[in-house]
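The form predicted on its own is given below as one chain in structure tokens.
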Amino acid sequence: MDPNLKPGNTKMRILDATAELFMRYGYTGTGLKQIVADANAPFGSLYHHFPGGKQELGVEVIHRSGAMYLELVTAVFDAAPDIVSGVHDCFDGAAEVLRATDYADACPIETVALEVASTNEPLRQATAEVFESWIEGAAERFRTAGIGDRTARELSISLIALLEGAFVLCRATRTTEALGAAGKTAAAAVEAALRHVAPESAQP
């Protein structure tokens, strides 16, 4: 028997399938029957694991996906030789994923946030919490490089705004030109901030 089909993994399959569907179709475009079909799970198992239905499932998927993306981006930053290279690597990696998935595999947090910001408070709050965790994660890397708190946060907000905006443009135009341009802008802003860092405070 395929280990992925064991009953104990049903919840994880539902979460994985939902995250994948959210990336492609958004929250409102994803149906419960579609979720359980893609997860190879009985329909009743969805309400067993998520008594609050689609909204509860959506909130958990947002938080789980947000944590996974944060871990991925943090690993990219930490593997880079310096913070500017890390910024370039984040945008280059995002472009590579879009090309490899035929522009389908974008950010599920952004996709859901665009839909629910004015209509579903629990989901809006969940996306806001994820974005805040990303802002803080990037700001911590900038602070480690010697950039002051306020500038580090502003750079983080700008980086995420550039990345998420570029995702929308890339999916619409089916090119990665926007990610390339946004990455250059983000890296230039970080380089400018680093020029004001005292040599003894800069990251080695």
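Each residue number is its position in the shown sequence, starting from 1. Since this is a predicted model, take the numbers as computed values, not measurements.
Heads up, the form predicted in complex with another copy of the chain isn't pictured, but that's what we're talking about next.
Q: Picking from 35-43, 137-145, 53-61, 152-160, which part of the chain touches another copy of the chain in the predicted bound form when contact means heavy atoms within 4.5 Å?
A: Within 4.5 Å of the partner lies stretch 152-160.
Q: Look up in the predicted bound form whether Ala172 has a non-hydrogen atom within 4.5 angstroms of another copy of the chain, and give yes or no.
A: Ala172: contacts another copy of the chain in the predicted bound form.
Q: Using heavy atoms and a 4.5 Å limit, would one call Asp89 a contact residue for another copy of the chain in the predicted bound form?
A: Judged by the heavy-atom cut-off of 4.5 Å, Asp89 is well away from another copy of the chain in the predicted bound form.
Q: With heavy atoms only and a cut-off of 4.5 Å, decide whether Ile14 touches another copy of the chain in the predicted bound form.
A: Output for Ile14 is no: heavy atoms all beyond 4.5 Å of another copy of the chain.
Q: Residue-level question: is Asn9 within 4.5 Å of another copy of the chain in the predicted bound form, judged on heavy atoms?
A: No - in the predicted bound form, heavy atoms of Asn9 and another copy of the chain never come within 4.5 Å of each other.
Q: Is another copy of the chain in the predicted bound form close enough to Thr28, Val168 and Ala189 that every residue in that trio has a heavy atom within 4.5 angstroms of it?
A: Yes: each residue has a heavy atom within 4.5 Å of the partner.
Q: Can you list, in sequence order, the residues from 106-123 that come within 4.5 Å of another copy of the chain in the predicted bound form, counting heavy atoms only?
A: If the 4.5 Å heavy-atom criterion is applied to another copy of the chain in the predicted bound form, 106-123 yields Glu110, Thr111, Ala113, Leu114, Glu115, Ala117, Ser118, Thr119.
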